[in-house]
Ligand code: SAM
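Only one chain is given next, in structure tokens, and it is the form predicted on its own.
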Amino acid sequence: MMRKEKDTGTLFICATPIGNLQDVSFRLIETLKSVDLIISEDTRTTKKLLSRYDIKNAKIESYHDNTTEKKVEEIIRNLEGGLDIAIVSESGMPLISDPGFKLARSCIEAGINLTVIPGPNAALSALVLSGLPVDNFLFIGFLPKTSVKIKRKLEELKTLPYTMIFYESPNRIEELLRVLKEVFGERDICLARELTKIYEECIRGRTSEVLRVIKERTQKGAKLKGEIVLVVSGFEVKKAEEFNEDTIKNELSALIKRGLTKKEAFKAIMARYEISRRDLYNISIKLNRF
């Protein structure tokens, strides 16, 4: 890649393999060879990738969740000084459940050019393998640590009619499935793990079925390995005539208490049920809340 005269450098947001090191593009290799600096969430993983493609003499520095504001400012100064810098996560697309967001945002605020080198992503890979609807989906990423906070977050999500994508570790997946079943009830789900690797696996079924499979494996000592992507079907939209007027009133009231505007509340209800705006308006005026 020939360097051209410019005032500032460019931040290259580089997607890297999520497992199989062959999942790289010519453009990624060219970029990693040409930049002045590579900043990496896990330098050990990055060095393996560089070694695989014979990328020598690359300067690498760590950038992770605990990176200080001072370090971010130093990277910005280097970019302002004309250096080209590539940012890579441990795997997949940087910024997605990844600390790179703070740096990208700082670059935009400083007027520094940034561009993306597209490539592998665990969330989208699991979504297309899941067999669940892909026309509308919602990426959630990692949920909070405790069961109470997980439950609270799932309560916010349970009536959304979108396929949802979660990230989870093998040590916590059984607890997540248990709470998911408690809050969402039975849903169609797909548990994807070891994506693009030799032992790639997708466990599909209803929530209780997948939970049973995981429990049986744990009891046999065959604990799951690898990062997990859980894809969950959205709330099933039901026809308005299946519900009485009081149900619609209660749901509108609940949305208003959460601080939604009239327009937002209507949109949420119409996403859940096949109800016309006119019928919804006629019900809403009886609430004396608008």
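Treat the numbers as computed from the prediction; the structure is a model and nothing was measured. For every residue, the number given is its place in the sequence shown, counted from 1.
Just so you know, the form predicted together with the ligand exists too; it's not on screen, but the next bit is about it.
Here is the short version: of R77, R217, R105, K197, the single residue with a heavy atom within 4.5 Å of the ligand in the model of the complex is K197. Only one of V232, V229, L50, V35 lies close to the ligand in the model of the complex, with a heavy atom inside 4.5 Å, and it is V229. Only one of 97 to 105, 110 to 118, 178 to 186, 209 to 217 places residue heavy atoms within 4.5 angstroms of the ligand in the model of the complex, namely 97 to 105. A residue is said to contact a partner when one of its heavy atoms sits within 4.5 Å of a partner heavy atom; M164 fails this definition for the ligand in the model of the complex, lying far away.
In the model of the complex, the ligand lies farther than 4.5 Å from every heavy atom of C14. Contact annotation for A86: none of its heavy atoms lies within 4.5 Å of the ligand in the model of the complex. At least one heavy atom of A123 is located within 4.5 Å of the ligand in the model of the complex. Contact residues in stretch 138 to 171 (any heavy atom within 4.5 Å of the ligand, taken in the model of the complex) are F142, Y167, E168.
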